[in-house]
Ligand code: RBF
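Given as structure tokens, the chain that follows is alone and in the form predicted alone.
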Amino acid sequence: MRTLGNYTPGGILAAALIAMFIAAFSAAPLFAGGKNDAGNQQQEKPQKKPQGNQQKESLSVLVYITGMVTGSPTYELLAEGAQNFAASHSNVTVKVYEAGFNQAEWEEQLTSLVASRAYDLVLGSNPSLPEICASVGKKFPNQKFIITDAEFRGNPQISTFLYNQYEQSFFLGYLAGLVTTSKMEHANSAKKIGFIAAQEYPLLDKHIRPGFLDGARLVDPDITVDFRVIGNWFDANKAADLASSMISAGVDVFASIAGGAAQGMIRVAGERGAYVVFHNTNEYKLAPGVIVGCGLMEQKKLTEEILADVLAGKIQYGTSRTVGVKEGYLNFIAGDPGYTGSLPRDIQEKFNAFMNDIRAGRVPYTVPPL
């Protein structure tokens, strides 16, 4: 267990020990799904003259969605950012491909798409995608891949951008801790918060879950987390069943990384009386008074900046860059009525002071290795 010590909002604390890996970080889109026949899958012969990082006269982008766009804020923002960039650049085309939820099919689908040689760049967002791209890239050594929300180094065809999800979970956990120890209507004395995940993977297990609990324990070291796994990203009924069981066990504040399945958790929290803090996007309007805090992942902003750098020949492949609050790619949405109208003033004041200290680097924490 990491010992974080006591935190006093607004105090001058030790400098944050964050291991940042620093490197140089549509056109009408077409949505597709299922197994598309994209042409010949024969191995591509390397060009005699390497591509390098040269400015491009045109750019064709495949946005490869490992799942479905609808219901996933991460994928919605990725697709929207790419489409916005293409709409403002006549020399850029974008195709958005929805690969579905069967992970066993992703590599075969991507291989078929890359084999068409129709795309200068494959753009995706999934922690497990770099390994798939590395395998596909062995057959097509001229293909370039950029993956957000992932970390992968040393492959000259791949560049990744890792959001500091420990940090986002850390501040959302702090808010959950304030709520569960409060006198709000649905808060109880159990000091138990809940986390529902679609599935387990290294980023979740090593950054997101620990960050959520570490943040909550800055409020009270006796807080515990009830963690449950759905098994997929779409089963809202199972998420509802899990949430109901967790409320019966004393959970009064939830977080989730569950895609569309999170709708079941939100519904049950509203019906049975519990609160939700949400990762990555503004979802206050889904359940006013239930969703009391929303983090923001600037996926659309990052996507547009990545494509601008690709077009200008500025991307460095083989590298990974970590981005968070300080760099302007993670934040908390504090101006929405869903936040200001749902929480007591004293909780808002404590949390706002905490966020200001996070931005200023006055809250000490260490990001665990992946």
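The first residue of the sequence shown is number 1, and the count goes up from there. Only a predicted model underlies this, so the values are computations on that prediction, with no experimental measurement involved.
Another form exists, predicted together with riboflavin; not displayed. Remarks below refer to it.
*Asks:* Between riboflavin and Thr66, Tyr201 and Asn280, in the predicted bound form, does every residue show a non-hydrogen atom at 4.5 Å or closer?
*Replies:* Judged in the predicted bound form, Thr66, Tyr201 and Asn280 all sit within 4.5 Å of riboflavin.
*Asks:* Quick one: of Thr93, Asn155, Thr74, Gln109, which gets a non-hydrogen atom within 4.5 angstroms of riboflavin in the predicted bound form?
*Replies:* Filtering the options by heavy-atom distance leaves Thr74.
*Asks:* Given that riboflavin is left out here, which of Gln165, Ser159, Gln143, Thr180 has a heavy atom within 4.5 Å of it in the predicted bound form?
*Replies:* None of the other options qualify; the answer is Gln165.
*Asks:* Examine Gly259 and determine whether its closest non-hydrogen atom to riboflavin in the predicted bound form is within 4.5 angstroms.
*Replies:* It does: once riboflavin is placed as it appears in the predicted bound form, Gly259 has a heavy atom within 4.5 Å of it.
*Asks:* How about Ser128: is it within 4.5 Å of riboflavin in the predicted bound form, going by heavy atoms?
*Replies:* Because a heavy atom of Ser128 falls inside 4.5 Å of riboflavin in the predicted bound form, the answer is yes.
*Asks:* Quick one: is Phe227 in contact with riboflavin in the predicted bound form, heavy atoms, 4.5 Å cut-off?
*Replies:* Answer no; every heavy atom of Phe227 is more than 4.5 Å from riboflavin in the predicted bound form.
*Asks:* Going by a heavy atom distance of 4.5 Å, is Asn188 a contact of riboflavin in the predicted bound form?
*Replies:* No - in the predicted bound form, heavy atoms of Asn188 and riboflavin never come within 4.5 Å of each other.
*Asks:* Report the stretch among 193-201, 269-277, 133-141, 172-180 that approaches riboflavin in the predicted bound form to within 4.5 Å, counting heavy atoms only.
*Replies:* Selected stretch: 193-201.
*Asks:* Can you name the residues of 228-247 that have a heavy atom within 4.5 Å of riboflavin in the predicted bound form?
*Replies:* The stretch 228-247, when checked against riboflavin in the predicted bound form, contributes only Trp233 at the 4.5 Å heavy-atom cut-off.
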